[in-house]
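Below are two forms of the same protein chain, given as C-alpha cells: structure 1, then structure 2.
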Structure 1
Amino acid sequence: MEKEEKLKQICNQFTFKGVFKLAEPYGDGHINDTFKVTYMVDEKKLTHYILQRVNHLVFKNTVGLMENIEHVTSYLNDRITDEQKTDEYEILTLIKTNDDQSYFRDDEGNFWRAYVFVEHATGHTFAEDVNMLYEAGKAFGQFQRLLDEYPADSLIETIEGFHNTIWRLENLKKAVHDDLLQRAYQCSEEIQFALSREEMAATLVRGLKIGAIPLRVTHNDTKINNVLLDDATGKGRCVIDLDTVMPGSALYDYGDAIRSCGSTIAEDGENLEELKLNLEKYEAYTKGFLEAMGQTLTAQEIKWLPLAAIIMTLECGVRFLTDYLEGDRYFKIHKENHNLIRAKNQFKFVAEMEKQSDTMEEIVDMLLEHLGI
C-alpha cells in the first residue's frame, strides 16, 4: 500500500481545499487503487475526496480513458434535468490538478485522478434489501437514458473487446492450452461448463454485429457497488466507475447488474448449495431498470433480458477462470484461489438461472404489462 507521505504529495497536486489530514484505502473495487482523502477546511469543517490510482495495466490508453470521462461527465451534467438535481441525483465530478489537468502522472508513471466524494451514500457490494435493488436499477437505467444521444464514435474503447464474449471464450481456451501455472487440472469441470455454452454465449455479440440489437453508449460495469445509494433514503445518488463507458449494448448493463445483485450469496461466496437466483431481487432490479429505460428498449432487447443475465454471468465466470489460469494478473485477489472461487460461484449462478429462465421471462412480461410498455 502507498505510504501516507507519498499520498500527501500526490494530493498536493490537486486543487483540494483546506489542509491535508488523512488518506485511507477505500471501497472494494477489483481494479483501481482507491483512497478516501480527508481535508480540514476550517476548525469545524472536514471535507472528503476520492483519490484513485488508475490501473494502467488494465487501461492501457489511460490518457484516452480520462478524455472519455471528461467528455461523458460534462455531457451528463448538461443533460441532467433540474428535477433529477432536486432529487439529489449527482454526476460524478472530476477535480482538476493545479495545472488544470484531469490526471497527475507521478515519477513512477502512475496515473492519479480525483473525484468529489459523494457524502452519505454507499456502494453496496451485496444488498439484501430489494428496494435498494429497485433504486439501483432505476439509477443505471436513468444513466443509460441520459446517454442515449451521445455520439458513440467520439469515445475510445478503453478495453478492447471488453464484452466480446466470443473472444473471452477464445482467451479461456488459450489459457487452458498454455496452462502457465499448471492449474488447469484443478478446474476441468469449470472449463467444460464454460465451453459447452459457447454457442449461447455468442448471442449478444452476434446480435450486435447483424444489427438485431442496437449499439448504444453504455456503462459496461454495472456491478451493484458502482451505484452509490443514499444512506438515509436508499435512493440512487450517483453512478460511478466510468472507466468502461463506451459503445456497447443495454443488455450488457442489464445482464451484468443481475449477475452482481440477483444471487442469494455474494460473488465470491463459497457455499454453493445456498446459491440460487433470488426472484424478488430479480424483479426489483428489473422493475427499476424498465421504469427508467423500458420505453427506449427494442422488442429484441426486451426479449433477451433474461438471456443477457445468463450470458454476462457466464462471461464474468470465464474472465475469473482465465485470470486464475494466467496467475491472477487482472482482478485483485484477497485469498488463495480467489478467482477460482469466484468462477465456480458465477457458473453455479448460470446453472441456477438456466433452470429459472421461464420464470425470469414471466417476470419481465408481468412488469411490462404493469408498466404499460
Structure 2
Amino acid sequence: MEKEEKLKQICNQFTFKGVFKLAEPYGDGHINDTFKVTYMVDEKKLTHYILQRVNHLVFKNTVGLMENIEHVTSYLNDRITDEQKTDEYEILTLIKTNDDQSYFRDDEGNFWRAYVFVEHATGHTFAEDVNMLYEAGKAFGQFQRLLDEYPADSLIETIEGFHNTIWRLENLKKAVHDDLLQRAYQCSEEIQFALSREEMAATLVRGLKIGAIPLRVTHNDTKINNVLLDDATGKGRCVIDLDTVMPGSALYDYGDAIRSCGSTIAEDGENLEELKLNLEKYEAYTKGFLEAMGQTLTAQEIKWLPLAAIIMTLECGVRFLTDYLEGDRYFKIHKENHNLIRAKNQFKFVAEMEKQSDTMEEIVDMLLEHLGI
C-alpha cells in the first residue's frame, strides 16, 4: 500500500482526468519503471495512462531527453495526416504536469513522465508472422517520414556516439590491447572478423559526415516490440519508446530492425549452423518501410539499405565483444561467456548477409519497382 500511495502522489502531479483507482507494473522493459494507471472518469468510464520513472543513471541528461520527446511528439501530432489517422496510426502523446512541464522530479531526484495509454494495441516481443514485420516496417517508416523536415541537429544525443561505428571499433581495439581479464586469446577469430571489416563499418558515419546521406531524426531502437500493433486488425498503431530519438541516419533504424528481426535464431542462439538470413522476413519489413518512407529516401540511402543491415549487425557484435573483453559491464549476462556467444552469433549473421547481399539488393529493387519509386 505504501508504494501505491507514493505512485498516487506522483500521479497527482499530472493532469490526469478523473479519480485515481489503480497503478500497476506494466510491460517488460529493462531500463525504466513503467506503470499502467487507471482513473475513473465517471461511474461508467475508466481511462488509462502510462506512468514512467526514467532511469537517469542510464540517461544522464534526462532534461534534454525529455525536451527531445516533447518537441518531437508535438511536431508529429501537428504533422500527422487525416489519412494516417483514418488508418488508425497515432502518435505517442505526453501528459503535462500541473505546472505545464513534460516531466515531474520528485524529492529523491527521480524523473517521472506520463503518456496517453494506447488502448487495444500490443507490443510483441517476437513476430508470429511476416505481416507483423511488414506493419512494423511501415510504422517506423511513417515515423521517419513525418519527421523528414524536422531539424535533426536541434536534438541532443541522449546516448553520445550510440551508432558511431568508428568509435565502437576503437573501443574494441582498446579492450583488446588492455585485455584486463585475459580473455582476448579466447576470441581471436572474432576480433579479427570485426577488425577486418573496419573500413566497411565506417561507411554510414562517414556518409553522414560528408553529406552523402542526410542527417535525420532517428528512433535508434527499432525492435518490433517498439511498435504497438492493433489487437483486432494487426496494423501498426503507434511507435513507442522514444528515449533514444536523436540525430542520425535512417539507415541506422532500418539496419538495426533487420538485425533484430531477420535472423532464423535468437541473437544469443548457439547453434550457428541454423543461423541464416530469413529472406521472407527481410522482404516483409523492407516492403513496409519502403511503402511508407521510400519516396523520402535519397538514392544513396536506398543503395545502402542492404549494407546498413550488415553494418548495424556488425556494430552490435562489436559491442558484445567489447563488453566481454571488459568484463561484462554493460549488457546483462545470464550464462557463462554470454556476451561472447552473442558476438559470435552476430558475426555469423553478418557473414550470412554478406553471402546474400546480391539477393538483398534484388529484393529492394523489386520492391521499388512494385511501388513505383
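Just so we're on the same page, rigid core means the largest C-alpha set that superposes within 1.5 Å between forms. The structure presented is a predicted model; accordingly, all values stated were derived computationally and were not measured. When a residue number appears, read it as a position in the sequence of structure 1, where counting begins at 1.
J.: Choose the one of the two that is the form predicted together with adenosine-5'-diphosphate.
T.: Answer is structure 1, the other one does not fit.
J.: Residue 357: with the rigid core matched between structures 1 and 2, does its Cα shift 2 Å or more?
T.: The answer is no; the displacement is under 2 Å.
J.: Once you overlay the rigid core, does the Cα of residue 60 travel 2 Å or further between structures 1 and 2?
T.: Passes the 2 Å threshold, so yes.
J.: Core aligned, does the CA of residue 328 move at least 2 Å between structures 1 and 2?
T.: No, the C-alpha moves less than 2 Å.
J.: Once you lay the two forms on top of each other by their rigid core, how far has the C-alpha of residue 37 moved between structures 1 and 2, in Å?
T.: With the cores aligned, its C-alpha sits 8.2 Å away.
J.: Superpose the two forms on the rigid core and tell me the Cα shift of residue 48 between structures 1 and 2 in angstrom.
T.: Here residue 48 registers a C-alpha shift of 7.8 Å.
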